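Listed next as structure tokens is one chain, alone, in the form predicted on its own.
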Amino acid sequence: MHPADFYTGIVPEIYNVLRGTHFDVERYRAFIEEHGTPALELGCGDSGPFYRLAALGLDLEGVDSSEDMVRRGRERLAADGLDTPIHHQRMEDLALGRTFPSVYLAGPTFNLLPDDATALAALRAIARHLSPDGAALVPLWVPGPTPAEQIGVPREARAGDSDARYTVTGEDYDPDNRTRTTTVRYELVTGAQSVVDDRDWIIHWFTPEVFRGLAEQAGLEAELTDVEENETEAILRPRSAPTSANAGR
């Protein structure tokens, strides 16, 4: 399975009831108000700031790599009487045919890109979609290894008429390649029926030097700010076009 298709099948349903992330919607609203609309959220999923901001009437569009997330997101918007567009595209292949003064990711979605080459392609796609005086907000995260006492211990929650379970069954933590590959089991139990899906959840992280270098190759200038321990916020702005030596990398 391609990493971009991770949030498919039963995963979105279980993820939504077990997720622990709470987004500061005002942070993204302030960013959009500072840089202008229309705005573009990358990795909008089926919940989070995108839907709150759409309900507030902001002019924005969303993109997600998961067909299931896009379907669920469109259904949610329709139920709320909104026609805010969501596009089914991978971040690294983004091709919307327009530019935006504000581009942002809500949370460290950029870390789901599995390697530096894919990250560079995504940064180049962001550069192509930024207005000349626009800016992109990219939260970044450096994960630690999953604590040993959590491996093999399921997390459980109720998902409608089903019991949702999420269990880490193994992990490869590779600091040399800045990649954590966590093998997880998703399980949805409804009565006597159980649906199980084992996935590899890949998180790839960046040192400030590596991220700035990738941004420069993509024609972007990166300003990084530490937010919390192991969490950084990058603001990207267009700079002079990449040199011919970098253009083919």
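Don't overthink the numbering: it's just position in the shown sequence, from 1. Since the model is a prediction, treat every value here as computed from it, not as a measurement.
If you look for the form predicted in complex with a small molecule, you will not find it shown, but the lines that follow are about it.
Picking from 43-51, 177-185, 204-212, 30-38, which part of the chain touches the small molecule in the predicted complex when contact means heavy atoms within 4.5 Å?
Stretch 43-51 is the one.
Can you confirm whether 102, 127 and 136, the three residues that make up this candidate site, all sit within 4.5 Å of the small molecule in the predicted complex, judged by heavy atoms?
Negative, none of the three is within 4.5 Å.
Going by heavy atom distances of 4.5 angstroms or less, which of 69, 218, 222, 60 would be at the interface with the small molecule in the predicted complex?
The residue from 69, 218, 222, 60 that makes the contact is 69.
Just one of 77, 164, 86, 91 has a heavy atom within 4.5 angstroms of the small molecule in the predicted complex, so which one?
If I apply the 4.5 Å criterion carefully, the residue I get is 91.
Can residue 112 be called a contact residue for the small molecule in the predicted complex at 4.5 Å between heavy atoms?
Residue 112: yes, in contact with the small molecule in the predicted complex.
I'd like to know whether residue 237 contacts the small molecule in the predicted complex, with contact meaning heavy atoms within 4.5 angstroms.
Flag for residue 237 set to no.
Is there a heavy atom of residue 119 no more than 4.5 Å from a heavy atom of the small molecule in the predicted complex?
Result no; residue 119 lies far from the small molecule in the predicted complex.
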